[in-house]
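Shown next as C-alpha cells: one chain only, the form predicted alone.
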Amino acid sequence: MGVIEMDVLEKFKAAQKQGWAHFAPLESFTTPPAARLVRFAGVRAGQRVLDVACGTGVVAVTAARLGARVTGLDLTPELLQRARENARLAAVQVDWHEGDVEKLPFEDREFDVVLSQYGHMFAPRPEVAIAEMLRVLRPGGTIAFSTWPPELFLARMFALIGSYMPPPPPGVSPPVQWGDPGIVRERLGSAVQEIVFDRDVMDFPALSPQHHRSSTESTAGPVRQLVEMLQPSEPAKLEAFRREYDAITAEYLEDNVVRQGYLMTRATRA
C-alpha cells in the first residue's frame, strides 16, 4: 500500500467529517445492532469502555446504561452533539471527545474494552487505526467491532458508489475490507488472541428501493457526496447510478425491509 501524503490525507478526512454530518436520522436503525455488539463484547458494569467513531453514541449509551464508564470519540461534531443529547435523555454519563481514530487522545492501556460499530472501518489507514485501538486497550482487554462484509448489501453499495466517484488517494484502503475475516485476522495479528466472529442482520424498513435510496442520499456520507458531485453537471450519470442502486437494493428488500447483514469481530488483547 502506498504512502498517503499528509495534506492529501487531511483533505480526505475533512471530506469524511463533512459527509457524515447528516447521519443522525439513521441512528434508529443502528440502535438494535448497538445492543448486539455490546452484548457480544461482554461489557460489564465498572469497565472502562471506549467507543471509537461513536457517531450519535448508540453504542456508548448502551454500554453506559449497563454501568460501564464510557468514553466516546468521533470525527464529526454534529454527531457528537446528537450523542450528548442521547446521553442526556438516557440519564447516563459519557465522556465525549472530538477526535481521530488514527490519533487517539488517550493513554496506553487506558481501557478494558474498545468498541466500534461501522466506524473505524472508514479510517483511511487501517494499520494506523488498529494500532491505536490496541495501544489504548489493556492486556487481557476486549476489542470488538461490527463491519460490512464485502459480499453483502452495504459493501456492494460502497463498491457501486466507488465506481462513480474519483479514485481515493493512493494508500487508502476500502472500508469493506474490514468485513473479510481473513483480512481482519491479518490486521489484528499477534497483538491479540482468541478471535471470534459472528454475524447478524440490520433491518432497514423501506416501502421500495427508491425509498431506501432517498433516505441514504440525505444521510449517508458517501451517497450524499456522490449526489452533490453529479447533480449539477452529470444528471444522466446520476440517474444511471440510481438505477443500479435500486436494482441491488431490490435483491435485499422483502416485506418492506432491506436486510443488511454484518460481521462482528471480538478478540482479546495479548
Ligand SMILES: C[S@@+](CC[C@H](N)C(=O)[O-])C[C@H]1O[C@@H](n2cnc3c(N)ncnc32)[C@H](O)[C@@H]1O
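Quantities reported herein were computed from a predicted structural model and do not represent experimental measurements. Sequential numbering from 1, following the sequence displayed.
Quick note: we don't show the form predicted together with the named molecule, though the next part is all about it.
Partner contacts here mean any heavy atom within 4.5 Å of the named molecule in the model of the complex, and among 68-76, 85-93, 105-113, 188-196 they occur only in 68-76. Note on the partner interface in the model of the complex: the residue among Ala144, Leu134, Val101, Val176 having a heavy atom within 4.5 angstroms of the named molecule is Val101. By the criterion of a heavy atom within 4.5 Å, Gln210 is excluded from the residues contacting the named molecule in the model of the complex. Proximity of Phe153 to the named molecule in the model of the complex: non-hydrogen atoms within 4.5 Å are absent; the residue sits far from the partner.
Of the heavy atoms in Phe23, some are within 4.5 Å of the named molecule in the model of the complex. With a 4.5 Å cutoff on heavy atoms, Gly119 counts as touching the named molecule in the model of the complex. Heavy atoms closer than or equal to 4.5 Å to the named molecule in the model of the complex belong, across 32-69, to the residues Ala53, Cys54, Gly55, Val58, ordered by sequence position.
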